[in-house]
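One chain comes next, on its own, written as structure tokens: the form predicted alone.
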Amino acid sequence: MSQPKSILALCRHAPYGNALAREGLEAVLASAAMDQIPDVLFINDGVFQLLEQDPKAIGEKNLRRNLQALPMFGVETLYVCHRSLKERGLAPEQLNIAGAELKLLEDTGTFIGNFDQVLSF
């Protein structure tokens, strides 16, 4: 019997402006619902997804509910690229997802290289 493949979801895009951020989180939730719990890394503009959001002014649905659902589906650790935070002037203290542990990564290349499959959103 073969080993299950490890899966990483890369969340690389800002939460609004296109559907990639929402589609990525929905793919993670769907995978987790089928007992294929991926790890999730927020990198580049994807780190903006982890900030408090109020998208009503631009007529968008809030992604916060999707993020807060991740721990309920077994995605309890969210990885965050520390360099991406610094480049965007964000501090780790600004990020908070109830029920999830946020782990900052310094070497995302090595981290990504440890997975069998990488999904990029």
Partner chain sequence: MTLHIVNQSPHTGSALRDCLASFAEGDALLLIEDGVYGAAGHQPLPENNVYCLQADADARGITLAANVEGIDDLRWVSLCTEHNPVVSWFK
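It should be emphasised that the depicted structure is a prediction, and the values quoted were computed from it without experimental measurement. Numbering follows the first chain given and starts at 1.
As for the form predicted in complex with its partner chain, it is not shown, yet the points below apply to it.
Exercise. Looking in the predicted bound form, is its partner chain within 4.5 Å of a heavy atom from each of 109, 112 and 120?
Worked result: Yes, each of 109, 112 and 120 comes within 4.5 Å of its partner chain in the predicted bound form.
For this session: Choose one stretch from 72 to 80, 36 to 44, 91 to 99, 59 to 67: the one whose residues place a heavy atom within 4.5 angstroms of its partner chain in the predicted bound form.
Result: Selected stretch: 36 to 44.
Exercise. Applying a 4.5 Å heavy atom distance criterion, does residue 10 contact its partner chain in the predicted bound form?
Worked result: Heavy-atom contact with its partner chain at 4.5 Å: present for residue 10.
Problem set entry | in the predicted bound form, residue 105 touching its partner chain (heavy atom, 4.5 Å) | No, residue 105 is distant from the partner.
For this session: Tell me, yes or no, whether residue 14 is in contact with its partner chain in the predicted bound form, where a contact means a heavy atom of each within 4.5 Å.
Result: Contact with its partner chain, no.
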